[in-house]
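Take a look at this single chain, the form predicted on its own, given in structure tokens.
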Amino acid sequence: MKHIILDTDPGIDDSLAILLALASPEISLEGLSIVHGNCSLAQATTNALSILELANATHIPVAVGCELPLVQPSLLAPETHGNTGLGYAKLSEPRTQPTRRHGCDFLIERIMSAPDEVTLVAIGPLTNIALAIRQEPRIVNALNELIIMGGAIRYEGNTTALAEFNTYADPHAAHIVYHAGIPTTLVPLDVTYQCVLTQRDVDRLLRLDSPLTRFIADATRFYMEFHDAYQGVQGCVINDPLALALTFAPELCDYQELPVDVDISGGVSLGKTIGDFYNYNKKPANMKVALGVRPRDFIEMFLERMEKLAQKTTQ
């Protein structure tokens, strides 16, 4: 069984990744470290606690991390995820509280207490992880692996013409993490934008009358409206659950080892993720990049696991 920590900024697809982690018997979700991103840090923390309550998983610790990027001004995404980060979904205020440990300290403690066992799945801006590396460099060798949902290699950006949101929100943190020497898999928009949850998929989930399926429907309805209005996508792209799924189903994607960098020089290409396919800079590959995906296999697996989780949580 894989031991997973999710570093997350719970907006809509982050919440689906949390639910997928809880629905997957191959992994043990050891905790959530919360970071700024899709919504404010306070709202993201509330969302994380409420989602865990929805899925009867309040035993999982939630640690509050960084509220601001390292250098850039804060960038939130209410137009994509709604004012609360969860679209039209309304969850009750959580009864549980986050741990008193800072998110960076939580990451360091968990990773160092179980060397070579923890897989860290980063589905928000990389601020917490960059600061944890600076604070305790030994986590680089103690991590089993790092899976990052971020970047756009051959694909257009979803925040600027060139940059993907998580990377653009804190490109300096991404630069630190990319070059830290951790065994890393990057899951960019090249593959996630093929993983579209459709209205038909949501209707299938709604055949089960459950708070969990209603939450997914209400959250993704907002997301679908955004994708249709801004990007011409029918349905919504569920980026973060794909990154989580690769912890136990790596065969969903095809990969290439590449030297990857992120532009922190400023200007129009700030936050652009660059894959050096021909190795012009003569640098060794620093990560494995997912460049091909079997999207319907993934969506089908996601739906089946949500159905099982919904049945389990309504019993």
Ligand code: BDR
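Residue positions are given as counts along the sequence shown, with the first one as 1. For clarity, every value in this text was computed on a predicted model and none was experimentally measured.
Beyond the structure shown, there is the form predicted in complex with this ligand, which is absent from this document and is the topic of what follows.
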Item to complete: Give a yes or no on whether each residue among 13, 38 and 189 has a heavy atom within 4.5 Å of this ligand in the model of the complex.
Response: yes
Fill in: this ligand: the contacting residue among 84, 213, 158, 119 in the model of the complex [heavy atom, 4.5 Å]
158
Worksheet item: Tell me, which of 219, 107, 149, 126 has a heavy atom within 4.5 angstroms of this ligand in the model of the complex?
Response: 149
Worksheet entry | Heavy atom contact within 4.5 Å of this ligand in the model of the complex, the stretch among 139 to 147, 177 to 185, 239 to 247, 205 to 213 | 239 to 247
Worksheet item: So in the model of the complex, does residue 170 come within 4.5 Å of this ligand, heavy atom to heavy atom?
Response: no
Fill in: Contact set, 153 to 188 vs this ligand in the model of the complex - heavy atom within 4.5 angstroms
158, 164, 165, 166
